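Below you will find one chain, with nothing else, as structure tokens; this is the form predicted alone, and questions on how it binds or moves follow later.
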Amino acid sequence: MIWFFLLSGLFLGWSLGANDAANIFGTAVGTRMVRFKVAALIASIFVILGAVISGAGTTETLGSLGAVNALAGSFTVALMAGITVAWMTRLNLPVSTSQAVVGAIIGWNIFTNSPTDLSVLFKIMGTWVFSPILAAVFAIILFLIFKRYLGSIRIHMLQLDAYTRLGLIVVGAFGAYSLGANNIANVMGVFVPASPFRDLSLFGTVGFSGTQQLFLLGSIAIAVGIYTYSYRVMTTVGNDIFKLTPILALIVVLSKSLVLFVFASKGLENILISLHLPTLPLVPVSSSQAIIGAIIGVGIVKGGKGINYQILGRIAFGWVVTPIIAGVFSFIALFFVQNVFEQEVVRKDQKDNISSIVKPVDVKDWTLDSEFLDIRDISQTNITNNKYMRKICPQ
């Protein structure tokens, strides 16, 4: 049953790979600077490395939004988020996997009457607005730097083409690492509170935690999604929104990668803290929003005439409805999993279980002998109603 429940997380990972790989190499493949098979191989390797090595930071924030503590609940949340993303991918829309997961978690919170930490929710929603703006700013700055640098040197076109191709590969590898580090929380974050894996010690010295084992499985699923179904969305990002030259594609991917990195790096957070500077929240941001923000930034600095606002409007509509659809799907599916398939979708803590089965006891039914019952005995009794405790021991 454990492996069956994990299948939904693997499906969500596949959906993320199929959709979000376009944000790593879509512009490179769309401009025919990098072949798809090469892009898929590089993206797969580095997304796994990023997930296993640096994926813990954003998972903590996502877990504080809603601790899905039962495997059946985690299964349902991940499955509904994955179905939502796969549906949007089918429509060739690079939607936000982060938004789908957040919407599905809130659906679980509502169904189980679990509290939603609004401060964490607003923090995550703030990144949905701030991350594309930050990516656009990065893209504008990088465009101006590249323009000034390339205008001051003389280089043969073939050399420039070779350097650009190499740059797209290097930046794509960095982008894949950042994607794994930032977005693995979307794939396996809901399984962490109910993780079935135990920490391992490799070669007697190297630790391999249960969380890292989950991240490895999820990142492999992302790699499978990259290989099997990402080409269609790559063409949408690479060509349809704004026609990009190879150099502009390099700028866009680098801008997106920087945004994902700064929202996932614990090292950067520690540096900012040591310098007494404000820090950015470690949250899983949308790589789709970041890449499109970067493309818009390039389009603005180029005059804004080549931006396809119709395609952009469709994508923006997808961003709005994705968390809503995922939340509704999650709520409905949880009802069926709990009431039809009779699976535990939430695990109540011991205190809640005790309070639900122990009935209040009337003090008149008790005979207390002060010689044999002292204050320590009273504190250990299973009396759940505080008013009776005060009658027995007012002090």
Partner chain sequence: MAVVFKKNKELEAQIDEYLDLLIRGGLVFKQGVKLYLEERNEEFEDQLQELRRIEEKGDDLRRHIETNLYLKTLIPESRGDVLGLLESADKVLNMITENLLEFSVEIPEIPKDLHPVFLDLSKHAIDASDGMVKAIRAYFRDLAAVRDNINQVLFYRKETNKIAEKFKRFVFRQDLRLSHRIHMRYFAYHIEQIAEESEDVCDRLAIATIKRYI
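Source: prediction; values computed, not measured. Numbering follows the first chain given and starts at 1.
Here the subject shifts to the form predicted in complex with the partner chain, a form of this protein not shown in this document.
Taking a 4.5 Å heavy atom cutoff to the partner chain in the predicted complex, the contact residue among I155, I273, L118, V320 is I155. Between the partner chain and the residues N113, S201, Q310, Q159, the one pair within 4.5 Å by heavy atoms in the predicted complex involves Q159. When contacts are defined as a non-hydrogen atom within 4.5 Å, none of F138, R314 and A316 contacts the partner chain in the predicted complex.
Although the partner is absent here, V259 sits far enough away that none of its heavy atoms falls within 4.5 Å of the partner chain in the predicted complex. In the predicted complex, no heavy atom of Y227 sits within 4.5 Å of the partner chain. With a 4.5 Å cutoff on heavy atoms, M33 counts as touching the partner chain in the predicted complex. Although the partner is absent from this view, R165 contacts the partner chain in the predicted complex, with a non-hydrogen atom inside 4.5 angstroms.
Of the candidate stretches 260 to 268, 143 to 151, 184 to 192, 97 to 105, only 143 to 151 has residues whose heavy atoms lie within 4.5 Å of the partner chain in the predicted complex.
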